[in-house]
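Take a look at this one chain, the form predicted alone, written out in structure tokens.
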């Protein structure tokens, strides 16, 4: 069983059990009292009758007959909406009919995929109608020759991966939540993952998409051409837009050939300078077969080994690096990784290291990285910060935060995608603590801004980071983003209260 599978199973359990903990989760409107409900229509019987007239009974879920907690609460149980209605369309046309009506009736909508986000972007803030894409889960086509798969937005990433493997292809992204997250949500947040170093982000992998605009108009950008220079590349606007410009319903995704050789190495390192040197030599020595370079600090390792009883083959170092290669020639790839290990040990860049001898050992090594989130969650409430910074400053934020927070938290640790500068800063406490939160924010975002980094590397802005978008984007950029939002969604019915601080008219 792969470590990614174990983590996705954990996330599924946490997500499905959200209803059990809903009474312990504050309503978002209470936790964030400065938020004010927009002047949207309140759901009426007349509205409900319309939705029931265009959808089957099982596609319309009301709070009168259903527990909607799993839709109103995020999987981290950190935000909670009060929606009374979930709509589950099966086709792009049904999405179009829903949005056309909601736009005319001034009904706010919260698009939702697998609801595995970290920033409160996929759950309602107040009583927005939830548009769940989970029934739009078809893999429409897979072309092994071109490497292009066309899927509906509600297709779970793990399901798509299984189909692709049968066609000798693989996904260009791999996420811990792949057992629950959906491709539409991945596109809407421009999800990254552990192999962005090799395959790049979704702005490059998405060949085309279909999106429904706020007025119900269907925008067909579902091209499968790798070259198309006719006018503006409008599909790019929807990648990372978090459902605020339109609802993505179909995606054409370029998928690379499935590697036939995967090698994994795990190294113990005594300084961050040597971490950087390990990355430099890995890129130089491994070249095109380098697919992942992940950093784990000592505190993260202590957490995952003690909480989950996992064992590390390399012990008691300030830093650990996991290296993965993906290629087509096992002997060639193993020789290159072995040569790298020998060089790093000989010149003292690493103090210890091991290479996986088989897939079981590789899975066990990956578990040390991919199950950190699960281990941290067992300590209590987790404050998660997904940021990107220049690689040379990758770990400085963890040291700075430890000095700033002192003994307030249980733990302050860092791990993440070293190869692309994406740090996962995690801070734990026994329960949600506003004193601790106020010490973290906006301090953490001020620091990232001074490094010219990004306050959101791969999880979006959502609700939780909307007040900090200008820490990364210039006022001019945010102004034109607002103008674009106003153009695409003049009534601001699509995922309101997300991405931008204040109201749309500010």
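Numbering follows the first chain given and starts at 1. Here the structure is a predicted model, which is why all the values come from computation and not from measurement.
One more form of this protein, predicted in complex with a small molecule, exists but is not displayed; see below.
> Give a yes or no on whether every one of 286, 293 and 350 sits within 4.5 angstroms of the small molecule in the model of the complex by heavy atom.
No: no residue has a heavy atom within 4.5 Å of the partner.
> Consider the chain as shown here, without its partner, and state which of 214, 427, 118, 207 has a heavy atom within 4.5 Å of the small molecule in the model of the complex.
Exactly one listed residue reaches within 4.5 Å, namely 118.
> Could you check which residue among 153, 171, 252, 344 gets a heavy atom within 4.5 Å of the small molecule in the model of the complex?
Checked against the cut-off, the match is 153.
> Which single stretch, out of 322-330, 297-305, 389-397, 178-186, brings residue heavy atoms within 4.5 Å of the small molecule in the model of the complex?
Looking at the partner contacts, the answer comes out as 178-186.
> Give a yes or no for residue 265: in the model of the complex, does one of its heavy atoms lie within 4.5 Å of a heavy atom belonging to the small molecule?
Residue-level check for residue 265: no, no contact with the small molecule.
> Answer with yes or no whether residue 417 is in contact with the small molecule in the model of the complex, where contact means some heavy atom within 4.5 Å.
Yes - in the model of the complex, heavy atoms of residue 417 and the small molecule come within 4.5 Å of each other.
> In the model of the complex, is there a heavy atom of the small molecule that lies within 4.5 Å of any heavy atom of residue 130, even though the partner is absent here?
No, residue 130 is distant from the partner.
> With the partner left out here, check for me: in the model of the complex, does some heavy atom of residue 72 sit within 4.5 Å of the small molecule?
Residue-level check for residue 72: no, no contact with the small molecule.
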